[in-house]
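Below you will find one chain, with nothing else, as structure tokens; this is the form predicted on its own, and questions on how it binds or moves follow later.
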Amino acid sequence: MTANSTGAARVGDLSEQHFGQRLHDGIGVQIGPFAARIVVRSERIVESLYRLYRDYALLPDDTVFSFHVRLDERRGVPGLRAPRVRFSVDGRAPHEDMPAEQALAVLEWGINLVIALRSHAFLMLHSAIAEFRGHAMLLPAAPGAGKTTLCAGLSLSGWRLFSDEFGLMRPGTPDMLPVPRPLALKNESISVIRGFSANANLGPEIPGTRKGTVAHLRPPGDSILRSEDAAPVRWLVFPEWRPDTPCALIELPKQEGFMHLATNAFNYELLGESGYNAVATLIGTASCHRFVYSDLNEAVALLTDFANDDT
């Protein structure tokens, strides 16, 4: 195994066979500020994980890990019960076993769940983030608002991916921390991204999940290699996908932006005063906008032009 120019060995430095062997016994990878220990006992997703995780840094076995997660495939009974997979964190299963065909989605959602439940050293916003010329654009939104699709489009158009799910801010600082992860595209968004860019590297389509059909977009390699490079928020943009609606970027009053941002936080109330101060810092330093769009090409072009003019 070799190290790349950054000095860290990456998943892609292993052969797929060696990666699968390591996964079976446990492999350490760096995911943003988190050190993850991952065990997968399901051969059906090794190839997909190898493709999606190829640029992540490998960690030695004696690392103090942020969390240990495991996915086990459990055999079915022919004619009676189909195979299932069990996700567990630190030896405990947070939910019921799921269909084995959904193994990749179960693992990815499970890792997101662990981050959401255990990362209270940060203000955690339910937000996508992309960076342009050293400045971060925060895209907070409820599920179904199109934030992942928009973030995927930006990341395939020269913006640096921070996350499509988590806005991590350490209270007392103005910077957001990157957590670049595979982007879980759902239903119509899958074909939208396939048509948007020939560089979109998507994993297999997984039908029948609780969110419909899901496919994961591999994060750009440069975004993963720069996982330690934080950036200050310059723009707060609250996206909303509306069919057959022209793109519109509308400035919001600061007080309205504050309420929207606090509403889209995982742990705002839990952090108390430090959470309030963190949101106040973001509102005080960033412009606030509502963004309505239906066409991804128009949306990415408008936001890129806006960011170009404002930097």
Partner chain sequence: MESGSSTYTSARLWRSVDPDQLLWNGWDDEHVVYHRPSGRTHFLNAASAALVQYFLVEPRSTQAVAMSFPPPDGPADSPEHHEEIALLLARLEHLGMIERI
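Numbering follows the first chain given and starts at 1. Everything quoted here is computed from the prediction, not taken from an experiment.
Beyond what is shown, the protein has a form predicted together with the partner chain; the following relates to that form.
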Among 271-279, 46-54, 242-250, 30-38, mark the stretch whose residues have heavy atoms within 4.5 Å of the partner chain in the predicted complex. 271-279
Should L58 be counted as a contact of the partner chain in the predicted complex, where contact means heavy atoms within 4.5 Å? no
Is it the case that I283, even though its partner is missing from this view, gets within 4.5 Å of the partner chain in the predicted complex, heavy atoms only? yes
Examine Q255 and determine whether its closest non-hydrogen atom to the partner chain in the predicted complex is within 4.5 angstroms. yes
